[in-house]
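Below you will find one chain, with nothing else, as structure tokens; this is the form predicted alone, and questions on how it binds or moves follow later.
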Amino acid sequence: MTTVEEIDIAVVGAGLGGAAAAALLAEAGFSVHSFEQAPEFTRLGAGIHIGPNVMKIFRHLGLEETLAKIGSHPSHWFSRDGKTGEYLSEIPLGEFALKEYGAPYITIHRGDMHAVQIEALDSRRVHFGHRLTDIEERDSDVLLSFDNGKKVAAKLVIGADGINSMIREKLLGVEKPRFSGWIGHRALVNMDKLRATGLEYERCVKWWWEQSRHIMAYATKNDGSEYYYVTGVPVDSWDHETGFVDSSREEMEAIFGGSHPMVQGLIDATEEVTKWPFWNRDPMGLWSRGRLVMIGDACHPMRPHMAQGACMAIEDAAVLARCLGLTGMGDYTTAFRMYENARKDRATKVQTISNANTWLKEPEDPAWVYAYEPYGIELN
């Protein structure tokens, strides 16, 4: 007979949001275990932006300095016309962000940041190779079953398991995410080829064309030794079964060719490039039920156009840990309600603007995003 391990809090998913939730809950004094379906940690993914709003959370965990050393510190978020190169907006970051928002703004390789997060967790409580197959809500706990035969009874379960969340399915029923009508190409470019152009590539620049087509390009290392881009391209459909497919320099040329010389330089420096669908869900009416609660893409997935998807998941984790810290595990119902009250409007607003793809194209004040104080907001 399978023995059932009893634990206090299970975090399902150990990605950026899940790893943050586990660390913040442990820091708040809770006993937490993380369950991740991937067999091991790998330097997956690509670039990511971390705003001052989230660097403050990493400060709380003692990780801010480490991440600030690894990541690139752009002086501005530049928006430029893809054909003419004309500057559409120049949003100050760098020293301005430190002074104005109270923490740095960095761009970093997702895998480098994730490695720092995973390292900060107690390795005996991070369980790789655990794909959740069943959830049974019981009177005093939730029984989680995994594909490796393991069973765990947790008093509380946090779904940090992404857009295809099983926790979400349990709460809201089975429903496939909707294709958003957009795809993104992702590539780390050949730095020698980029340097050979003789052009001065900005550390954070978004190139725009008609229909909001764009290329977001930025450095992912402090020393500028790695440069990355992600595109946004409207298409009719996504006909592949896989999560992503290989693309090519030829495809990039077909979509963005004949543009500004700096864009052409990016295309020429492209060697390996992949193509990903962006999936969507409508804002959800339910973030928790009973002993189950969701964070991040499980409850508010968004297209990546605001560079705030992971940031929202980490903000969720910080506020949820604060709420549970105030109520204790016994009154989790109140904690979950406070968490949802504190987070729902903000996450929905970011989700809406991300999906509209208008962020920082024109001059605007981003303080409502970057100056957010996860430890200062009122909870009720």
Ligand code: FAD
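Predicted model, so just to flag it, every value in this text is computed and none were measured. Numbers for residues come from their place in the sequence shown, where the first is 1.
Form predicted together with this ligand: not shown, discussed below.
Discussion item. Would you classify residue 16 as touching this ligand in the model of the complex, given a 4.5 Å non-hydrogen atom cut-off?
Written reply: Output for residue 16 is yes: heavy atoms within 4.5 Å of this ligand.
Worksheet item: So in the model of the complex, does residue 48 come within 4.5 Å of this ligand, heavy atom to heavy atom?
Response: Taking the distances in the model of the complex, the answer for residue 48 is yes, it comes within 4.5 Å of this ligand.
Worksheet item: Is there any non-hydrogen atom of residue 158 lying within 4.5 Å of this ligand in the model of the complex?
Response: Residue 158: no, not in contact with this ligand in the model of the complex.
Discussion item. In the model of the complex, is there a heavy atom of this ligand that lies within 4.5 Å of any heavy atom of residue 321, even though the partner is absent here?
Written reply: Residue-level check for residue 321: no, no contact with this ligand.
Worksheet item: So which of 287, 278, 227, 208 reaches within 4.5 angstroms of this ligand in the model of the complex, heavy atom to heavy atom?
Response: Of the listed residues, the single hit is 278.
Discussion item. Just to be sure I understand the contacts: of 104, 309, 82, 74, which is the one whose heavy atoms reach within 4.5 angstroms of this ligand in the model of the complex?
Written reply: Residue within 4.5 Å of the partner: 309.
Fill in: Region of this chain that lies against this ligand in the model of the complex, out of 55-63, 309-317, 24-32, 338-346 [heavy atom, 4.5 Å]
That would be 309-317.
Worksheet item: What are the residues of 110-129, in order along the chain, with a heavy atom within 4.5 Å of this ligand in the model of the complex?
Response: Just 110.
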